[in-house]
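The chain below stands alone, shown as C-alpha cells; this is the form predicted alone.
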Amino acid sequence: MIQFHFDRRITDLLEDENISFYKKKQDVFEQFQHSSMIGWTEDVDSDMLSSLIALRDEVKKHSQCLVVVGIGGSYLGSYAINQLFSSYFHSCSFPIIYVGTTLSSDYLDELFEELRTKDFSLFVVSKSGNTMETVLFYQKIKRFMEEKYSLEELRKRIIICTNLSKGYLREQINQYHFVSFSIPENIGGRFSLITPAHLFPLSFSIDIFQFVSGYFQGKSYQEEAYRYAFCRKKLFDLGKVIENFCVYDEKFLPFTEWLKQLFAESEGKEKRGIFPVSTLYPRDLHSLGQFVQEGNPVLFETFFQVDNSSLKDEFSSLSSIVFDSVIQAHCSGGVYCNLICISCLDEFHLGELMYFFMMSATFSSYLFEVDPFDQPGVEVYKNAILQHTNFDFFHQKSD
C-alpha cells in the first residue's frame, strides 16, 4: 500500500484551488486516455514473461554474469530496481553489470579485464537501435567476445532489445540471427518498465510476475497521481522550481535517478517544468542541509519512507526520529514537504510505486501543457556530434 501525505500548507493550497483542481483534472484525464503512447498501461502477455524466465535459465547455464548495455530509459529502471534488492556488501550469485553510460577508455579497459576470465552474456537495449553510446559499447564488447567465442556461441550469448523493423541493432539481428526482443512503438524508453528491456535483466534478481502484478495494481492510484501532479504545478507557480527527492537509504539513490529522468524528460520543455534533484539523508544534511533549511527558497521536497515499524533496534528508532525531525525542521523553515509512505519494499509494492510515478509524470506534463512522451531537446547534442563524426549508424534517427 502507498500513502501520500502533504504538509498542512500544501493541503490548504489545494483546497484554495478546489475548482481549478477538478476542471483541469477532466482535461488531463481525457488527454491521457486519448494518447497514442500509453502502451505501458496495457496488460502484459504472461507467455512473454515465461519466455523471459526460460531464456534467463538458459543464460545461467553457460554464463557467470550478464552485461547490460543501455543508457537513459533503456537501463535506469532495471538498474534502480536491481540496486534496491541488492546486498550492501556481498555480490549476488549472478551479477548484472550495467555499462554504456560513459565514454571513458579507462573504464572500458577495466571492464574487459574483469570479463577476460568470465563466461558472460550480453544484453543490449536501444529502442531506435542507433543510440550512439549504446552502439559504441556494443561494437567494442562484440569484438571482444569474437576473440573468445565462436559465432554459434555468440548467437547464444548476445541478446538485443530494439526496434522491431529498423535501426543498426535490428540490422545486426538480421545479419547474425541473435536472440531479440522489441519495444512496442507505443511505449517510450523511459516508460518501458514492463517490456523485455527491463524485465529480462530483472528476471535474474526479482520475481517479475510479482513486479508486473503490483505495477498494474498501481492503476488504482490514479487519483493520488493526479493530486501529486497538481500539487507540483501549484508549487511551481509559487516559485518552487526544484523538487528534491529525499531518501534515507543509499540503495534508493538509483531509484531517484530513474525519477529524475522520468520527470525531467517528460515535462522539461518549452522553458517549463520542475528541475528534479535528490539527496541522501542524513549524509546530505551535513552538506546541503543548510541551503535547504535557510537558502534560496526555490525548492520543495518529496520524502520516501518505508514502514520499518516492526524493527525495534536502536538504529531503527533513531532513524524514525531523524526522519520526523528533518521534515519538521524543513517545514518550519518554509520548505513545502510531501511524504510518500510504502508499507513494504518488495516487488509488488515497488511495481505499484513506479506506475504511480509514471502516471503522475504524464499528468504533470499535461498540466505544464507539454507532450509527456517526446524529448526533442535531447537531439540537439546528438546533431552537434554528427558534425564531427563519421559513424554511419549515428547518421540515422536516434533515440
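Just count from 1 along the sequence shown to find any residue number. Because the structure is a prediction, the values reported are computed rather than measured.
A second form of this protein, the form predicted in complex with 5-phosphoarabinonic acid, is not displayed here; the remarks below concern that form.
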Check residue 301 for me: does it contact 5-phosphoarabinonic acid in the model of the complex (non-hydrogen atoms, 4.5 angstroms)?
no
May I ask you to state whether residue 9 is within 4.5 Å of 5-phosphoarabinonic acid in the model of the complex, using heavy atom distances?
no
Taking 5-phosphoarabinonic acid as it sits in the model of the complex, is residue 382 in contact with it (heavy atom to heavy atom, 4.5 Å or less)?
yes
Is residue 265 a contact residue for 5-phosphoarabinonic acid in the model of the complex, using a 4.5 Å heavy atom cut-off?
yes
Name the single residue among 73, 167, 100, 218 that comes within 4.5 Å of 5-phosphoarabinonic acid in the model of the complex, judging by heavy atoms.
73
Counting non-hydrogen atoms within 4.5 angstroms of 5-phosphoarabinonic acid in the model of the complex, say which of 180, 261, 83, 305 makes the cut.
261
Assess the spot marked by 131, 190 and 375: is 5-phosphoarabinonic acid within 4.5 Å of a heavy atom from every one of these residues in the model of the complex?
yes
Select, from the options 49-57, 354-362, 330-338, 65-73, the stretch whose residues sit within 4.5 angstroms of 5-phosphoarabinonic acid in the model of the complex by heavy atom distance.
65-73
